[in-house]
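Listed next as structure tokens: two forms of one protein chain, kept apart as structure 1 and structure 2.
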Structure 1
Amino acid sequence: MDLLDRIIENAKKQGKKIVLPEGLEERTLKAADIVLQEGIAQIILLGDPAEIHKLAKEKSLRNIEKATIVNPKFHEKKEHYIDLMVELRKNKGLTREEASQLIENPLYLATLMIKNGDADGEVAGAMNATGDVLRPAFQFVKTKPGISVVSGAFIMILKDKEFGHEGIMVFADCAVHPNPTDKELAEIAVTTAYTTRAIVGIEPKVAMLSFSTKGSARHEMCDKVIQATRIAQSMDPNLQIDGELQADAAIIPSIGKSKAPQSAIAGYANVLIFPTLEAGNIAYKLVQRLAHAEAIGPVLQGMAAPINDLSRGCSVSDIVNLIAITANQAAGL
């Protein structure tokens, strides 16, 4: 059984409620139909019920009737969610009139459903920009306690099984935060380790990457990684985290032994933490294209509840897989 199969099978055991704000988006509806047919998760669709049922009938989607469909404009909890919005944003001056308008936006409604415990996670972005998906999440769901930064991890499935854990590695941050501070980089490392456990199901061995290994070069950029490593280790002493390490020292045992002989991570890392977004984004795309690796993600992490953003060019299978991943995240929080 490959990784995606394991993720899907584990999601089936959880019974998590995943809300899909883009209930009238065709790929999303087709993905929901598959998820419901296979029992991967419970689905909440946001949109006009008559329009959703009409589209489902046109596309011969017979399982949509199993979904919970909520009309953002008319539903029994609307006033409750408005009250909750005003309470959560009273220090920002949100008025009841403003909240009454925002709650009819499916992206805002989805986050309030999660905040109220009516949904376990959200998948959106097939027809909305990343900023629009994340804005209500930052305002109402916010980050986990002790975490100040949201980041994006990619699960990399390599053809060469010698690297990582039988060819599986996790890269971060490759999607969100351009230039994290040492503290933020430490938070990214810790949250990526937790993501690795929850979704991949392996014990993370985290390498904090730099262009230096254990002091081989001197620069403020190296100093950031060194300090981030110390902070990450103190955040969770039970995690296996080491740095600063060059990429080859992190993943090739002979080089790891030569450059960092005292490190238990060097040569055996399955989680790579990049010092900046540009490094992480470039690296995952190069590995994806040159090594013909499968890149699953980005998996957003650091939020108090799992909210994941799709590419607007996503396929139906991409949405199905991200729903399964979101269900696994919800189970691992």
Structure 2
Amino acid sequence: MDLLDRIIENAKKQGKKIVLPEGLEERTLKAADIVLQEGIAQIILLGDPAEIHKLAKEKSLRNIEKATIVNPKFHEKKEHYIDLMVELRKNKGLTREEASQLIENPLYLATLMIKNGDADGEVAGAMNATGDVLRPAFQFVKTKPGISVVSGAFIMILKDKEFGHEGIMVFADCAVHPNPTDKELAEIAVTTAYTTRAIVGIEPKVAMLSFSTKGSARHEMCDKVIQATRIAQSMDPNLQIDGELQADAAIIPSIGKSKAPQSAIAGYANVLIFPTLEAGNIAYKLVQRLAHAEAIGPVLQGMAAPINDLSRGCSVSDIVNLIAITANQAAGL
């Protein structure tokens, strides 16, 4: 069974409730129909029920009748969620009037449903920018205890099975945090290692990437990666993490052996941690296009509950896969 099939089969056993704020977006509705037909998750769609039913009928999406549909303007928990928003943001001075407007925005409503225990996870972003999906999540769902930064990992499935674990590698951060500090970079490494164990089911071998291998170059940007490596190793001494390594030393055994002979990771890394979002985002897109790799994600990590962001160019199957991944995360797999 390949990785995606395993993720989907695991999701089916969990019956998690996934909220889709973009209930009137056509690809999202088609994905919801497939998820409901195959029993991958329970689905909550946000939007005007009459319009959702009309679109479902036009597109012959018969399984949508199994979804729970919540109208952001009128629903029984609206006042309760407004109270919760004001309470959670009282230090930031959120007023009742502001909360009453925000709660009608499906991206905010979805995060309040999660916070209140009415949904287990969220997938959005087919028609909203990353920042608009993430901001309400940061404000109301927040990070896991002990973690201060949310980041985005991509599971890269390579055609060349010599790299990583039989062609599977995990890259991060490719989606969220533009310029992490050394401590934040360490958190990104540790959370990516846990994502790799949980979603991919392999033991992570984490390389902290730089333009220097073990002191070959001297620059404050390399110092950040060296320090982040130390912090990450101390955050969880049971994880295999090493750096600073150049990309070739991280993934090619002969180069790893010559540039970093003492390293158990050099040459055999299956998790690559990039020093900035620029590097990570550019790298995953180049590998996806030039090496024709499948890029699954971004899988958001570090959040107190799973909320995942789609690319606006996503396909229906991308949405189905991300719903299955979100259900796995919600089950703590």
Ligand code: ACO
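Here the rigid core means the biggest group of C-alpha atoms that line up within 1.5 Å when the two forms are laid on top of each other. Just so it is clear, the structure is predicted and the values come from calculations on it, not from any experiment. FYI, numbering is relative to structure 1, first residue = 1.
Between the two renderings of this chain, the form predicted alone is found in structure 1; structure 2 comes from elsewhere. Core-superposed comparison between structures 1 and 2: the Cα of Ala249 travels 2 Å or more.
With a cut-off of 2 Å and the rigid core superposed, Ile265 has a Cα displacement that reaches or exceeds the cut-off between structures 1 and 2.
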